[in-house]
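Structure 1 and structure 2 below are two forms of the same protein chain, each written out on its own as structure tokens.
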Structure 1
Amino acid sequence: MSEALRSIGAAFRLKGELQSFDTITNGNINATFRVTYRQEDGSEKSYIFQRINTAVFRNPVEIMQNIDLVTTHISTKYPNERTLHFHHTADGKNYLFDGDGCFWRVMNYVDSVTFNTCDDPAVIEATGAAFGHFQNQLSDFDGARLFETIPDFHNTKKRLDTLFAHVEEDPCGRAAGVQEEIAYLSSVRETAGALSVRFANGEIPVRVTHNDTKSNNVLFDRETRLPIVVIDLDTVMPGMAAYDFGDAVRFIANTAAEDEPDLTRVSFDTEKFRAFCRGFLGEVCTSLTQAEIDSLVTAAFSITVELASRFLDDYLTGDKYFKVNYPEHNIVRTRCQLALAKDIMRKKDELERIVAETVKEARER
């Protein structure tokens, strides 16, 4: 592997001599390595090498072109801030197909820490600020310039339409056992899909969105616990800012894991929601439209329903998309997300008050 990595490094014109490499085990899709080079002055510099799983990311060139446009825009607009830096080959590409047809990219390593889950309100607020700042950095970037690398990725209406088509087909004979879940999704189908319809009609503006706003996609300083940079830009596409917000709070404010079987442990933590709001809206409330601000809580509900529909759809069609550890895994996931969606709806008025209060505070600063 060291010779293969050395060859990749040479193609990306890295300086110095390769000294060592370590395999990074976080993430289940791409093969990731931290590769350290010794520079001419004796110092060491580390890079992240990634071999992209093209069975999952079927259009990696488009993904990397999106990343190039976004990172170039940010680094040009904010030259004094840390941004992700992807290296380029001699022909100006930020990716490489090697001799075996494998797809590689190389970026600078950032010494940092990440949080898969967090109960510290300060870190949650900082996470919100990081994603809000990322949104703000790209507020003047034309999202239409980006490829939609996963068409209809967060089109909740279409996701639900697909689910109910598969309910009718019932290809694996599993629908009879999940009638309660199907009935609930049917009852909220129109409400959950409403933002997607408004977005398609142009009532909500197109933004550059991250589309995977989990807390572990923010790098933090090890000492100060302040955010350094947002990472994992593979799903950067045109979309709704409110869905980035909604997906983040769906993940951060859930009191249980996404596949918690004990639904009594699943609820939506309003204080975590408040902390994320404070950070996110502190960065973007002046650049979002009122329609976007008004849709934030609805987006949290809609995207939670959307994920539940995806888990249920995968179950009905034979568990082909999400990795399952036992036969009912996708049903457990579905029920967990539906319990969370129901709690969001129960707390909707309180959550909207928190948004309004946070916007008022941010505008008065």
Structure 2
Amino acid sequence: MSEALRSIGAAFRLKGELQSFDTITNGNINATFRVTYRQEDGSEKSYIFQRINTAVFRNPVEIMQNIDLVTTHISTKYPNERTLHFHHTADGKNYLFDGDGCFWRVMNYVDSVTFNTCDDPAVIEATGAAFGHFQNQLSDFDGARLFETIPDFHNTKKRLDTLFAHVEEDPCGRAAGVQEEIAYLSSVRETAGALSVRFANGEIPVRVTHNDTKSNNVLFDRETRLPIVVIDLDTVMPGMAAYDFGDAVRFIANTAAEDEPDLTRVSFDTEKFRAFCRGFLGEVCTSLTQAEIDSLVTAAFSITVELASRFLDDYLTGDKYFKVNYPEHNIVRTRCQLALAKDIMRKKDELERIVAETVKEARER
């Protein structure tokens, strides 16, 4: 691997000698490496090398164009804030197709810490503020300029339609083992898809959204524990603000990991939810419409069901989309997300109350 990385680094004209590298295992799609160089003056500098999964992102050049537009917009609007810095090859491109046809990009590594799970309400609130601020950074960006990197990415209705088509086809003969999950998804199919239908009908405003708001997509300063920058801009596209909110709380308010096999450990933590609401709504409560505010809790439920359906769909069609660490991984993920969705539904009234209280607080501030 180090030889391959060395030649990628050379193509991006990185200076110095490749010293070491390690794999960053957070993502479920792309391959990510932190690569450290010793520079001529003896100091070390690290970079992030990423090999894009082109089965998922079919037009990776379009992604890099999107990222270029988005980061330029942010750094023009907020010159003092950190944005991601990508390196260019000799012919001026911010990406490279290597000899095997693999698609690579290289960016500066930002010394930072990320949180996969978090119990500190201050960090959770700051995560909410970071994603809310990201929304504000792009509030005046024309989404029509962006390529749709994955069409219908958060079209929950379509995701569920696809799942049920694959349940019928059952291409790998796996449906018999997941009847309970299929039955539950079938019972919530309409409820979970409703928001995406209203979005398609124009009842919910179109925003430029991040679309993958897991807490580990915010880099934090090690010492101050304040957010530095939001990363993973591959899916920045027009979408629903409430889904960015929903996806974030799906991840951060889960008392367990996204793929926890022991379902007794999985629940939706209302206090973590409150902390995230404070940060997020503190940033965007004046720009969101009432329809958007009213849809936040439903969005959390819907996107959790959506992700469960995506994991299950991948299982039924042979584990081709998400990286799996063991054969049942996608079912374990499905069950975990379904347990979480059920808990969100059980706590819906309380969550709605928390949203209302937080909006009131934020507006009085």
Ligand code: GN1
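We call the rigid core the largest set of C-alpha positions that still match within 1.5 Å between the two forms. The structure displayed is predicted, hence computed values, not measured ones. Start at 1 and count along the sequence of structure 1; that gives the residue numbers used here.
The form predicted on its own corresponds to structure 1; structure 2 is the other form.
After superposition on the rigid core, displacement of the C-alpha of residue 13 between structure 1 and structure 2 amounts to 2 Å or more. Relative to the superposed core, residue 47 undergoes a Cα shift of 2 Å or more between structure 1 and structure 2. With a cut-off of 2 Å and the rigid core superposed, residue 328 has a Cα displacement that reaches or exceeds the cut-off between structure 1 and structure 2.
On rigid-core superposition between structure 1 and structure 2, the C-alpha of residue 34 is found to move 5.4 angstrom. When the rigid core is fitted, residue 58 shows a C-alpha shift of 2.3 Å between structure 1 and structure 2.
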